[in-house]
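Okay, here we've got a single chain as structure tokens, the form predicted on its own, with questions on binding and movement later.
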């Protein structure tokens, strides 16, 4: 799966789960500052990412996630593993 395909799926997740307009979701978008997500939202996002990839996310892999691009990177790691 390419970064663009993952980004497209993430845009859907942000729209459905957090009611965030897909147009505002870009690779450089900051999850907490730009999208106003909190720690509970981050857990929800991690769960959605696990569902999308079919793999479990290690907490240490998601701890440093700050941008949408970081989420795409974690998804790529999970898909390759």
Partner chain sequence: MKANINYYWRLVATGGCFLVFGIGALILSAVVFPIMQIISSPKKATRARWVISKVFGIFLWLMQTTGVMRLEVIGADKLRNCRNVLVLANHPTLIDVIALISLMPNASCVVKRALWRNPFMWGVVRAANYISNLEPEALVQDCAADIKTGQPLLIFPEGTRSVPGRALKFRRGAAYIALSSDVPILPVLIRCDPPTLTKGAKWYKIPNKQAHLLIEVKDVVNVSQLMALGDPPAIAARKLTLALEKYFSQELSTNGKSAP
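Positions refer to the first chain, counted from 1. Quantities reported herein were computed from a predicted structural model and do not represent experimental measurements.
If you look for the form predicted in complex with its partner chain, you will not find it shown, but the lines that follow are about it.
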Under a 4.5 Å heavy atom criterion, is residue 34 part of the interface with its partner chain in the predicted bound form?
no
When the contact criterion is heavy atoms within 4.5 Å, does residue 28 count as touching its partner chain in the predicted bound form?
no
Looking in the predicted bound form, any heavy atom of residue 18 within 4.5 Å of its partner chain?
yes
Can you check whether residue 39 is within 4.5 Å of its partner chain in the predicted bound form, heavy atom basis?
yes
Does any residue in 42-58 get within 4.5 Å of its partner chain in the predicted bound form, counting heavy atoms only, and if so which ones?
43, 44
